[in-house]
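Presented as structure tokens, the chain that follows is alone, the form predicted on its own.
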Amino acid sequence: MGTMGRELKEYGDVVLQLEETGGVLDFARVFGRVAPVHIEIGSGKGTFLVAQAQLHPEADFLGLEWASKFYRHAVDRIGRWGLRNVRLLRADAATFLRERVPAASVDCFHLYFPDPWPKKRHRKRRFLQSANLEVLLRGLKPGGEIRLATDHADYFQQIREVTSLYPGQMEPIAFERPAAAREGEMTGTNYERKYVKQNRPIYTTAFRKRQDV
């Protein structure tokens, strides 16, 4: 059941059916047009996707979410809004991006408040490691962007260390706040709104894939 007891609906046209797409994705086939492609890694309940898809009808958005509860909320929300430029997929992001996303096909990756895995022995589970960053760089078009946000200082330090290893492939740029972010917010996600109320600091950074890579 959803909020206030409302039943969550499964909207088939919102869900990306991998078995229907063959091997490597063709985004033009998935969305029925050629347009800029944005992928959000860890889309939660879909707050960011809904706002961005409404404000940017000229772009297409794919959200990846592993947690079934959040995924079902996001599908229901996007379906109720009738948004045609959003698809959602419940999948392990690292595997999906490595195996199914074509090289130089994505305009922007959004990674907001990934699981920080705060215990030292769990840090290897964090998404932003060299192997995954290389997958993102491969998937980006030249000039494409990666935008990152976290409330976890140690994870942010790791992000800075990992991204500093690729100066020949990417360059730091200013973090662009989504238009739907409210005053005092950097991303406008559900997680951030909770953290802002708790007065947690929010760390952001962004990078552009070099044109000659």
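For every residue, the number given is its place in the sequence shown, counted from 1. Bear in mind that the values here come from a model prediction, so they are computed numbers and not experimental data.
Omitted here: the form predicted in complex with a small molecule. The next part is about that form.
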**Study point:** Exercise: residue 107 in contact with the small molecule in the predicted complex, heavy atom 4.5 Å
**Key:** no
Practice item. May I ask you to state whether residue 191 is within 4.5 Å of the small molecule in the predicted complex, using heavy atom distances? Key: yes
Review point. Any of the heavy atoms of residue 170 lying within 4.5 Å of the small molecule in the predicted complex?
Key: no
Review point. Does the small molecule come within 4.5 Å of any heavy atom of residue 53 in the predicted complex?
Key: no
Check your understanding: Since exactly one of 93, 135, 83, 128 fits, which has a heavy atom within 4.5 Å of the small molecule in the predicted complex?
Key -> 93
Exercise for review: Please pick, from 165, 180, 67, 59, the one residue with any non-hydrogen atom lying within 4.5 angstroms of the small molecule in the predicted complex.
Suggested key: 67
Point to revise | Contact stretch among 39 to 47, 170 to 178, 140 to 148, 26 to 34 - heavy atom within 4.5 Å of the small molecule in the predicted complex | key: 39 to 47
